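In structure tokens, one chain follows: the form predicted on its own.
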């Protein structure tokens, strides 16, 4: 029976890699239905994403590829299917609600297995979609203790492929991030770099900014400096008050987060050197 797989390869660049990889596919009788490759000449890195179909054993294909690739090559064979994700939120509902609606409309290759929040405010919204909701309040808890309970909540849902911070407003510790390396996606009100803390759109309004935007990125141990997945901006004018800016900014945040999540779910992201290569 034919099987579909996404083959993701990144390695040191050298002459003839596309030929060698394609020949392995040919020798296994595979049909290469889609293919993209990229060479980072400055760093001598090669990236390739192929969608193949045929009758084969994944372990044998992986071994054959490794035999023709440079030492240290990373090879991932991913069978398409819905990935299991957990959403985390605090009080704002725009990003959370947007993902819930896209999930309900079957726009995402995902199964939302649960939502975790440090407040109970969003429970009515989530339960309308018949998705489990766990509130883990941070009140009266140290950060390590709160994160321990959050991890327990996430583990109660079973295996998880990605965690999506849908405006979750708590800084994660290195210990938490290490449990989900390159698997936590965050949305940030970027292009407002001078405006940190509470109410960044009010701060931006007071400074008379001319563009606002958003950045989705993987979370690492440097606050809001993880590998960037997707970004967008839109112009604003002096005629807009800070609430209008905030509403426009929220629209951008929703779209950028959804785009980043879709790219991750479809295995179109390679991460290296704190940046990404994206085959969209």
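Note that the structure is a prediction, hence the values are computed from the model and not measured. Numbering follows the first chain given and starts at 1. Whichever C-alpha set is largest while still superposing within 1.5 Å between the two forms counts as the rigid core.
The discussion below concerns the form predicted together with a further copy of the same chain, not included here.
Stretch-level contact analysis of 110 to 118, 69 to 77, 123 to 131, 161 to 169 against a further copy of the same chain in the model of the complex, using heavy atoms and a 4.5 Å limit, identifies 123 to 131.
In the model of the complex, no residue of the candidate spot (7, 44 and 147) has a heavy atom lying within 4.5 Å of a further copy of the same chain. Contact annotation: residue 38 falls within 4.5 Å of a further copy of the same chain in the model of the complex, judged by heavy atom distances. By the criterion of a heavy atom within 4.5 Å, residue 210 is counted among the residues contacting a further copy of the same chain in the model of the complex.
Though the partner is left out of this view, residue 152 does not reach within 4.5 Å of a further copy of the same chain in the model of the complex, counting heavy atoms only. Residue contact with a further copy of the same chain in the model of the complex: residue 90 places no heavy atom within 4.5 Å of it. Contacts between stretch 265 to 279 and a further copy of the same chain, counted in the model of the complex as any heavy atom lying within 4.5 Å, involve 274, 275, 276, 277, 278, 279, listed in sequence order. Remark: with the core as the superposition reference, the CA shift of residue 207 between the shown form and the other one reaches 2 Å or more.
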